[in-house]
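This document starts with one chain, in the form predicted alone, laid out as structure tokens.
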Amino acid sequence: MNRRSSWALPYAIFLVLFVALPLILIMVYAFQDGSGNFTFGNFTKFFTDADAIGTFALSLEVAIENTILCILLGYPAAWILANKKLNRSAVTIVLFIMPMWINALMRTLATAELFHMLGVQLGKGTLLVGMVYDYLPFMIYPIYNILNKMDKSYAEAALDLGATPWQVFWKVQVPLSMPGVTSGIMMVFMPTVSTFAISEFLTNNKIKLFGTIIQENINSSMWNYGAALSLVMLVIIGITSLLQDNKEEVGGGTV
């Protein structure tokens, strides 16, 4: 226990119990039927079920729209927060991050109640508003971190070479801030696809996302099919993460 490596033992136990073991169980259940026999039937059922494929496509559509809206709103906000001339108080940054301190379910219920008070009919529009409200801080914060830590000499050099402020922003700051944008996309896109509580409360369950199907199957004790759907989601997350890492490596090599 005197070795430094021994301090990693509690974290290793945590990873085994709460990360590795659940993933193994998902894989085992996904490739079994109700009797415990090995089968690919759960995946065949998903790829041949028009409703499941339609829900998955709708989830991707909502996730793409939510991610685009978060970028359009989050990047200017992050740029203003990182600009010392426009933002001179750290309190402003805290105000943007503060919604993350509140439980996501509480935020969603409060948003739904506001729509009820205003007499707004729940649907896809209210769903996107709720999604943007919940996930916007996850887009702002990584972009802000990149912009705040960016070497200001790049912008100064571009100005000295005759670039306009717009050219400095578009050709210097935006490309250098892309790692933050990529991280923000990852933190917004995948949770949007897999969420279920937000769509349930902000659409009165009129719109079902992929996470809703997983929840319904698990609640109905259809563990095998639910595990297969979860595994499909994990594969998509894994592929997306690999693509992101490859892009960052290529980008780092070219710079």
Partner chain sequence: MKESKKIIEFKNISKSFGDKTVLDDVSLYINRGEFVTILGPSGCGKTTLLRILAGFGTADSGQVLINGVDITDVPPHKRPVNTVFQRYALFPHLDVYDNIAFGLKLKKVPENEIDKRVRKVLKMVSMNDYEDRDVESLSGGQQQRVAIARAIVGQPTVLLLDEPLAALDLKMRKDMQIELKEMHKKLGITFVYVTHDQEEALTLSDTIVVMNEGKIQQIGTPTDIYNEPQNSFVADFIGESNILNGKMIKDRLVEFVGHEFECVDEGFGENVDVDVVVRPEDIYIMNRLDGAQITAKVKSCTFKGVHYEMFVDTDKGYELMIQDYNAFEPESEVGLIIRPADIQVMKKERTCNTFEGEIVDETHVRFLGENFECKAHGLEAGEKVTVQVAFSKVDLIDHPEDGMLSGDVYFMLYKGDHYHLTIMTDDGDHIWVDTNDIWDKGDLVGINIAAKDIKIVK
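None of these values were measured; they are calculated from a predicted model. Numbering follows the first chain given and starts at 1.
We do not show the form predicted together with the partner chain, though everything after this point is about it.
- Taking a 4.5 Å heavy atom cutoff to the partner chain in the predicted complex, the contact residue among 120, 109, 94, 161 is 161.
- Think of it this way: in the predicted complex, the partner chain has a heavy atom of just one of 125, 76, 99, 165 within 4.5 Å, and the residue is 165.
- Contact annotation for residue 157: at least one heavy atom lies within 4.5 Å of the partner chain in the predicted complex.
- Contact between residue 171 and the partner chain in the predicted complex is found at the 4.5 Å heavy atom cutoff.
- In the predicted complex, residue 153 approaches the partner chain with a heavy atom inside 4.5 Å.
- Taking non-hydrogen atoms only, residue 80 never approaches the partner chain to within 4.5 angstroms in the predicted complex.
- The chain is drawn here without the partner chain; in the predicted complex, the stretch among 127-135, 141-149, 109-117, 171-179 whose residues come within 4.5 Å of it by any heavy atom is 171-179.
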